[in-house]
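The chain below stands alone and is given as structure tokens, in the form predicted on its own.
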Amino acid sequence: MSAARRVGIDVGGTKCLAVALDADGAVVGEARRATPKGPAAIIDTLVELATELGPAATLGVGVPGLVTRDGTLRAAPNLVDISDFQVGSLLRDRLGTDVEVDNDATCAAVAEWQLGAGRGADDMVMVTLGTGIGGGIVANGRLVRGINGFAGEIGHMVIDPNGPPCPCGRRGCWERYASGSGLGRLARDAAAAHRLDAVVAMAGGVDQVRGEHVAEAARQGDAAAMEVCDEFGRWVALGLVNLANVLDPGLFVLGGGLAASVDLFGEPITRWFGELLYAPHLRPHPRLVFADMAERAGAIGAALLPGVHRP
């Protein structure tokens, strides 16, 4: 059985999720742990997860941030005390086996490209909308990784140089507007302007307002909350349009935690995309679809890494 099993682990800001796949790509095992602080504790957790899922032919790991081609995590704004973290070599030493390491959003892109909503696409951009924004790019049927392995850090496109500070050290990054935390910031701004009084009452104060409060109120028909959802859809679409202008993909796959709210955000994102796209009446529009694999995408993609050519 171990010859056919493939294990993948997705390291997130709050949890590490591991899955085991059989030869057909079906999930046959799953384990999770809270993400600890510091590189030594993270390696211990990854070893525990790999061991718990049992013998496997291959192991892949997805981590958030700038990942070199040799599996070193150079920078990770959403992890504590992490820089120049040699994930690949440390795991190889501990486990005595080869380990493939890549960016977590690139792993999610592999999963959707190979088994999910992007299956069969030769030109695709995966956009993960979670606490931040990550990305993975497929062009001409191959992963795009860049000379160092850093391609796909789309959340750190600056769309407003005077915008709010980002954990990466700059201001106005796309993920400050179009991620889950970005939705929360937009909601608190609206609440401070007394546009979301019902949401503030629900949350227990302006400072307590989160994206999920806006989503709940919008589903209940609150007009002000629906306006915030529309504003959020515009910010998402703006970044997608920038990517379309640079890459001209045939398909965008939108994943991450916000993919579960397609009922709220699917229409405004699509509408704004059509309005903001350069020469929209003179070109085919990329398709916008939502991901199939939910929270497992990163771990499944990590498990698939060893079988995917990564130029």
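What you are looking at is a predicted structure, and each value in this text was computed from that prediction instead of being measured. Residues carry their position along the shown sequence, with the first being 1.
Quick note: we don't show the form predicted together with another copy of the chain, though the next part is all about it.
*Asks:* Which of 261-269, 33-41, 248-256, 55-63 has heavy atoms within 4.5 Å of another copy of the chain in the predicted bound form?
*Replies:* That would be stretch 248-256.
*Asks:* Even though another copy of the chain is not shown here, does it sit in the predicted bound form so that I137, V158 and L276 each have a heavy atom within 4.5 Å?
*Replies:* Every listed residue reaches another copy of the chain in the predicted bound form, so yes.
*Asks:* Identify which of E227, E153, D189, E216 has a heavy atom within 4.5 Å of another copy of the chain in the predicted bound form; exactly one of them does.
*Replies:* Among E227, E153, D189, E216, a heavy atom within 4.5 Å of another copy of the chain in the predicted bound form occurs only for E153.
*Asks:* Here the chain is shown alone; which of V206, L95, V241, A198 has a heavy atom within 4.5 Å of another copy of the chain in the predicted bound form?
*Replies:* So the residue touching another copy of the chain in the predicted bound form, by this definition, is V241.
*Asks:* Since only the chain is shown here, I'm wondering whether R142 would be in contact with another copy of the chain in the predicted bound form (any heavy atom pair within 4.5 Å).
*Replies:* Answer yes; at least one heavy atom of R142 falls within 4.5 Å of another copy of the chain in the predicted bound form.
*Asks:* Does at least one non-hydrogen atom of G184 fall within 4.5 angstroms of another copy of the chain in the predicted bound form?
*Replies:* The answer is no: G184 has no heavy atom within 4.5 Å of another copy of the chain.
*Asks:* Residue-level question: is D123 within 4.5 Å of another copy of the chain in the predicted bound form, judged on heavy atoms?
*Replies:* Contact with another copy of the chain, yes.
*Asks:* Closest heavy atom of P165 to another copy of the chain in the predicted bound form, within 4.5 Å or not?
*Replies:* No - in the predicted bound form, heavy atoms of P165 and another copy of the chain never come within 4.5 Å of each other.
*Asks:* What residues, if any, in 63-86 have a non-hydrogen atom within 4.5 angstroms of another copy of the chain in the predicted bound form?
*Replies:* Contacting residues: L66, R69, R74, A75.
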